[in-house]
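In what follows, one protein chain appears twice in different forms, each by itself as structure tokens: structure 1 and structure 2.
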Structure 1
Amino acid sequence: MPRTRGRAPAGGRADALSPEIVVGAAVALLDERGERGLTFRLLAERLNTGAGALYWHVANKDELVALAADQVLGQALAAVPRPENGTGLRALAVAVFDGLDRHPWAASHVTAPASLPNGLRLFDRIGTLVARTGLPAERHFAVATAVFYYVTGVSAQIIAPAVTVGATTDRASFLARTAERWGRLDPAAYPFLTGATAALRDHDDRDQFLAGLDLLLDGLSASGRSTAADPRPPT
């Protein structure tokens, strides 16, 4: 993780800390208190230092949360061994989803396009695996980008709302109320939604993520097989 110099340390020794220690403590606080509960005062108390020493390593709270989310992503990547062949995209995507699901505050901070170290590593691993599928080289970037955007964006769409919902009500109650509202819609105008209330109430978020992921990867696999069977360029 690159060192970020903020203000000069005051009230604490910057050399007693490291970016990894500061960010790791921030991850723990974010898990305990959420993003709104993370303050530099609490973090300094946790690290037995002064706030000025923290600013030696991070410029502000926004940067700290972004780095903390990137550390969570790095832990997810470390749990997935690098495959020797073109397989592994599904395992990689599932590991990222599960890692973010364990730290819901982080989901919306894994941004695209990638800029922080572990975001870059994720994109590079996806691109490397896509390049082994048999797709033409000119398709690698577009497909790798689509997979990266699905994994990070859909994870955020599924996981991040739970942070807001959880602050006011439990998930089951929220889904039940939403299903009731769908059930009161005009079935002539909303034929699918009015028929999907039971599925909404009882669905599993991880299964929802996997359903879309498998469709995406099945299409990628079919494209790779088609290219391998007929390598001629399109006319």
Structure 2
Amino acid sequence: MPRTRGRAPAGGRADALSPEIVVGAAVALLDERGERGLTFRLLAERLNTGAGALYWHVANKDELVALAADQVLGQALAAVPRPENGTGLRALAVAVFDGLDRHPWAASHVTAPASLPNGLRLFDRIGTLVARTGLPAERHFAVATAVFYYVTGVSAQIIAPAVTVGATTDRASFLARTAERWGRLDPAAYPFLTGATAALRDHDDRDQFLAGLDLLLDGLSASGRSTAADPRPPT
């Protein structure tokens, strides 16, 4: 991925292209039309170039989307509240969820093995916070990974469906239709779902993310307490 040297382009355009500019325009397009709506032709048109020119700055569409998601994650990380008292992990996780929630296409592309700068930064910050708990050192990596996977994986699950749904119908009517369907299921086969229609209709996505997160963090502090001295009071 080459860097622009700041020279003006040969053609008539005043602004040279760069990976940053291409990725930025891709984020805008993804926000507007989703992943399927991102097209090299359309993106090139908006940047006043040909589609071929984009390949000088990004390797292919997969890389472009991954870079776009990493940029969104970077914005989310910048919004993490600095004062890291005892609730650092929770605040970090919530900020990432909220950041990704504004760009529904992004969540599923934030992964550890992508090894992009902000993905690594997120992993490192989680790991650093985990290391500050009372957990024995040999568990730090597994626990940090668990939190990372929870934040990225569960965010993707919660946020992504809205993309598919969003265009056609709004959230409330979608939930209402789903609840109706659950209500018509055979109670003998689906004893839980048939009784959970009200809860489904009234639930808040962000609260769901928080409920699971708190369960995970409770388990973390419980396991820290049982295996080593816990330097902080339970949350």
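All values derive from a computational prediction rather than experimental measurement. Each residue is numbered by where it sits in the sequence of structure 1, with counting from 1. Each form is matched to the other, and the largest set of C-alpha atoms that superpose within 1.5 Å is called the rigid core.
Here the chain coming from the form predicted on its own is structure 1, while structure 2 comes from the other form. Annotation for Ala28: C-alpha shift under 2 angstroms between structures 1 and 2, rigid core superposed. When two forms of a protein are overlaid on their rigid core, residues whose CA moves 2 Å or more are considered shifted, and Val58 is not one of them between structures 1 and 2. With the core held fixed between structures 1 and 2, Asp186 has its Cα displaced by at least 2 Å.
For Asn48, the displacement of the CA atom between structures 1 and 2, after superposition on the rigid core, amounts to 2.3 Å.
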